[in-house]
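Okay, so here's just one chain, in structure tokens, the form predicted on its own.
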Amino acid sequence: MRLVLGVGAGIAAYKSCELASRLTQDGHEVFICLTREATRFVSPRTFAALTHRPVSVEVGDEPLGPISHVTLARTAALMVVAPATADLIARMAEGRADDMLTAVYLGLRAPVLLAPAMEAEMWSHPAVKRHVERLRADGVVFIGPEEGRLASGLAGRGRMSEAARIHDRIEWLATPKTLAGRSLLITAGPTREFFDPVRFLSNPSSGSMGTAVAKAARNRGARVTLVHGPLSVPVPDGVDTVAVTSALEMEAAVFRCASDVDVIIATAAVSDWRPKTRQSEKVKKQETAMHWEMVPNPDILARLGHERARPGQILVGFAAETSDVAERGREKLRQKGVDLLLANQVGYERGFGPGDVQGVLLSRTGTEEPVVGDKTAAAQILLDAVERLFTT
């Protein structure tokens, strides 16, 4: 995908170097348009090295041949401006075309994302507010600014969003909204079953698979509710969340929401057992029994499969297996009554956390699809399969 990254004159321009690198590594064609003053903060050579493409400042610069500003405006899928200074926001709002960046903006018909960066007093000034509202009325999307330490050394609202957050918003803007109008409930992370206030039974799940699916579904336009145990990864922006700790809490939260959604994707690693009794005080080591009596936790996925909360609801399960992954996955697919099941190979330091998925996606119709790669890619494969079920 062809992207234009506009860079204004501010110390936050250093963050745009990271953003340009991320976008290039994603496989995008990234064309950089610097304002004249921005070249005093970051050299065009830096961006050229990061993107492997020529950098533009003046309208006469021709990275794509004659009248490149017209070609860029017609062929770019998205324009991002980061940092967007008060001066640059004013020039864009007034429709000026006195450099390559503003000339491309005026000819563009693709989405535009601005990440403002300035002192807090400037951001709150009535003139800046008027320009921002005019751009919003023209369809420009803003991200930030955020609270934090500013170039002056003072703290306030005016700090440019971090590159990772801007990158996340770009993915959302650039993704076709194939799940618009759909609602998804996703479970993620481990559960914890406490013996006493300081000891619990759990597993190594980080929640990275569930959050990857939630983010991918959000990017496709779905309304997403994420029911999650204690996570080791951030929750994506733009999703509703319900935080739980134990399996019983997760079961209650899931069934409160189940009848309101079109799809349930159960990635959570729910503990199979819990202590029969929970002590209210810490049990001293010398008093701890060698054996704790355990009772089984409810099988949330099986209950969902056998008590469909809504006609036509699609149910997706996960199975963590250490051996005979496909065979055991097929058995669980039948037992749980689900439409899709991703059976994943796990082991010590494998399968959990941010590592890759190595498994197979099984369907009730008998199809099988290998899933090998990172969890972001696995989430896309999974949602593609869900979308196919909507048409069958």
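Sequential numbering from 1, following the sequence displayed. Owing to the predicted nature of the structure, the values given are computational and were not obtained by experimental measurement.
Unshown form predicted together with ligand C5P; subsequent notes refer to it.
Not displayed here, ligand C5P is kept clear of residue 205 by more than 4.5 Å at the level of heavy atoms in the predicted complex. The closest non-hydrogen atom of residue 229 lies beyond 4.5 Å of ligand C5P in the predicted complex. Using a 4.5 Å cutoff between non-hydrogen atoms, residue 123 does not count as a contact of ligand C5P in the predicted complex. At least one heavy atom of residue 317 is located within 4.5 Å of ligand C5P in the predicted complex.
Contact with ligand C5P, judged by heavy atoms within 4.5 Å in the predicted complex, is confined among 237 to 245, 291 to 299, 74 to 82, 176 to 184 to 291 to 299. Here is the short version: of 216, 266, 128, 261, the single residue with a heavy atom within 4.5 Å of ligand C5P in the predicted complex is 266. Only one of 171, 146, 272, 119 lies close to ligand C5P in the predicted complex, with a heavy atom inside 4.5 Å, and it is 272.
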